[in-house]
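This document opens with one chain alone, in structure tokens, the form predicted alone.
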Amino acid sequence: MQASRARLFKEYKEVQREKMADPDIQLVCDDSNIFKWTALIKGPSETPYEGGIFQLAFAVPEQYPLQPPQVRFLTKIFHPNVHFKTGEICLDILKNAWSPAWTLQSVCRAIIALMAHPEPDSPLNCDSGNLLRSGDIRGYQSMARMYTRLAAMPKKG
């Protein structure tokens, strides 16, 4: 557990140092628990998520970095690899392809890449996956844009 605390503290310092370097990701550690983090990520441009700000929750295990963090979307998102109700993310690096070389920041990068390049063949959201697999790109993009507007964009007024 001591090693994981040291590693997380190092990542915390790095995040503080590089805040301006990566404007698409805002990673924040819980004040009272270094094993709990949240992130705000910007929806990638030229995707239905563009303009949205999506919140992620990280639960970091005590065996980190030997085990991956549990990450889920707190913001509702219509995406084939994200469970619509729980926010669970289907991403190989969060499961069997994890490596201690990954950081919380690089996990955020990978999630942004997944948003831009969905994998409809391993869906957690079957409705979204089925739209893409059947070739209904317009239907998928329209649903994803609608949920981005409803859940991930600041309300005007």
Partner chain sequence: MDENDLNSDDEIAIDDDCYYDFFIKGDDPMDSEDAKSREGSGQKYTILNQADIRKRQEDVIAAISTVLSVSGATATILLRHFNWSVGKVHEAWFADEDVVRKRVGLLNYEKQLSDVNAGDRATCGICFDVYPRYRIFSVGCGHPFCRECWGGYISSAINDGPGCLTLRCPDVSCSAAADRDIIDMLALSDDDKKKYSQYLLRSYVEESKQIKWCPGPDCEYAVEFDAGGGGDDSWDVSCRCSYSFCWNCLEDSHRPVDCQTVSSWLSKNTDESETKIWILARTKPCPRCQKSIEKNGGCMHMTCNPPCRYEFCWICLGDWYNHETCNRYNEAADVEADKNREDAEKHVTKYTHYFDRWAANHSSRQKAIAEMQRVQSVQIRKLIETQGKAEYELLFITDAWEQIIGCRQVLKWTYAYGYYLPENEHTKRRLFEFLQGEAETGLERLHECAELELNQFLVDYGSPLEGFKEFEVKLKGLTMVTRKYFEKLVRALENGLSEVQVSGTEEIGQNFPMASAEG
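Model, not experiment: these values are computed from the prediction. Positions refer to the first chain, counted from 1.
Just so you know, the form predicted together with the partner chain exists too; it's not on screen, but the next bit is about it.
Chemist: Identify which of R138, R17, R149, K10 has a heavy atom within 4.5 Å of the partner chain in the model of the complex; exactly one of them does.
Modeler: Of the candidates R138, R17, R149, K10, K10 is the one lying within 4.5 Å of the partner chain in the model of the complex.
Chemist: Can you pick out, from Q26, Q55, T103, N130, the residue that has a heavy atom within 4.5 Å of the partner chain in the model of the complex?
Modeler: Among Q26, Q55, T103, N130, a heavy atom within 4.5 Å of the partner chain in the model of the complex occurs only for T103.
Chemist: Using 4.5 Å between non-hydrogen atoms, is S99 touching the partner chain in the model of the complex?
Modeler: Judged by the heavy-atom cut-off of 4.5 Å, S99 is in contact with the partner chain in the model of the complex.
Chemist: Is P65 close enough to the partner chain in the model of the complex to count, meaning some heavy atom within 4.5 Å?
Modeler: Contact check for P65: yes, within 4.5 Å of the partner chain in the model of the complex.
Chemist: Going by heavy atoms within 4.5 Å, which of 120-128, 65-73, 26-34, 46-54 lines up against the partner chain in the model of the complex?
Modeler: Looking at the other structure, the answer is 65-73.
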